[in-house]
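Here are two versions of the same chain, shown separately as structure tokens and labelled structure 1 and structure 2.
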Structure 1
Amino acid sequence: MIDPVVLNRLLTADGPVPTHALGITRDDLAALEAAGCRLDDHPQHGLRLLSAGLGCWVDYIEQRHADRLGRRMLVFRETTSTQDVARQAQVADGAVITTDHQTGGRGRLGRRWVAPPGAALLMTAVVRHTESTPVDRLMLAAACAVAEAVESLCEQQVQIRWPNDVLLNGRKLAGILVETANNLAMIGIGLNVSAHPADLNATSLGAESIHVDRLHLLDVLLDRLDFDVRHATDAQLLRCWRARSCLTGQRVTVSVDSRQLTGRVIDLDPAHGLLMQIEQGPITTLPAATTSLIV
């Protein structure tokens, strides 16, 4: 088992900790590594905790979120995607699946989501899916939760690019994917924490000098997500979105069901999608599930 004294000492240390001073045994090291901790064990300087493993505080998170989202945590070292696990494991409302590494991460409309191992917060939150929580509303709630969680950790304002991107300084920080099966919705969130794909217009918290432990971020995010999904009113979500939407007022071209439409983004209907004033046409509602932005 993980020795909480050892873990706490490593977490609070400014630099490497001499292993003999801590009395760290081989078993302690094995336990930390099994929990997903990344350690730098230097023969002269000692032991340094590069990042805490997701397994370290699962009990704590489950306990803290006992009556809400996160009451059941499943941590995977590596898996194809947390969305797949949620589907396969038939987990119940309130479960959260997270992993260090996804080998088949995906985004909306079959796009791929790539992140180096341990560098991103990759999670799927499973919630009951009813008529009062359409997919568009869940995407909105998730985007707002990510934005608010990140903002609570730094001074900067985060932007939301409908339907599923969260941006920091104009670059993609997080992506959201909502899928449904039976009476459950699986809210997938990928958030770049310490690294991000180099070839895309992407960023990470680390790249913006925001250093945060993934478990802390997860804890904060679960609180926001639970509130925004289960308790927030449409008006509250809309206020959050309007203050952060980078598309409102913009002229955009979208593809809907293999048709291309160009127009100006007016607002959002929380339950049904983006409202767009089509050029020489009517105001149209674009559902998130089938719409992709072209420009």
Structure 2
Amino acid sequence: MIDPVVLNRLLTADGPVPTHALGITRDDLAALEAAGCRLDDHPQHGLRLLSAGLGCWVDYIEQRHADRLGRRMLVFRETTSTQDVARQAQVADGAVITTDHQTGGRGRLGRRWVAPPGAALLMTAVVRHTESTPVDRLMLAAACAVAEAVESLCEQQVQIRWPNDVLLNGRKLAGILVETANNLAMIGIGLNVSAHPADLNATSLGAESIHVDRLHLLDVLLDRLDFDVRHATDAQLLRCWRARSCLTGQRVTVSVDSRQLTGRVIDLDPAHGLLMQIEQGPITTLPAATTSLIV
């Protein structure tokens, strides 16, 4: 059995931790290694966690998130996509699905999401879907949660590009997909952690010299996501978005309902979408589910 206190100390340490300070036994070490953790055990400097194995993700997250998102974890070595699992498995509000690799990862409007095995945090969080939690609000909450989680782990500000992209230094770091079925919403998040994406418009934490274990990132992200989805007010979410939006005041072209519209981004309505002043036209609200940013 993994000791979550010991694992958390290793995950959050800036460097090697003296073994005596951890109070760790050989059995503890054996349990970590059996779970797939990669460790550097230096006789002088102490113990350093190189990566947390998938075998310890369930115990670690479920014990730390027993009363919120993550109270039930499903972890896969490989699957088509975590969104597919969320649809097919008997999961309820509060469940989180993660995988090391997706063979059929997707984003909004059928776009593909590709990441090498072990290089990204790929997850779906399942929450109750009601009239008070429309898709646009869930998309906003997820974008804010990703931005806040990343910023808490580094000293760089993250940007949000409505409706579903999170950027770092102007390049795409993460994407969000929200789907609904059977009174549940499935919040899919793909966040590039270590690999340098082939797409020149994308980036990863590692490519920006930010090194963090995926399990630690998941732990921090679930705390933010639980708060932003369940407890944050519209005003709080708007403050987060306004401070990070890279579109506000910009002239953009969007595709909505088979039409192209050009105008200036004014603001955001958390429940209904982007507010845009159409050129030679009215102020229009654009829902995330049916709108795609072109320019």
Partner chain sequence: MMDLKTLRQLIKLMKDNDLSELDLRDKEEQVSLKRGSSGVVHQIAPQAMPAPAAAPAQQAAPAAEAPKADADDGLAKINSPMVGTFYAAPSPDAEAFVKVGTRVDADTVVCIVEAMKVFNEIKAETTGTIEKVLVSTGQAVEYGQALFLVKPD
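From a predicted model like this one, the values you see are computed outputs, not experimental measurements. We call the rigid core the largest set of C-alpha positions that still match within 1.5 Å between the two forms. Numbering for residues begins at 1 and runs along the sequence of structure 1.
The second of the two standalone chains is derived from the form predicted alone. Residue 66 lies in the same rigid part as residue 128 when the motion between the two structures is split into two rigid parts. 51 degrees is the angle through which the smaller rigid part turns against the larger between the two structures, based on C-alpha superpositions. Once the two forms are overlaid on the core, residue 51 shows a Cα shift of 2.9 Å between the two structures.
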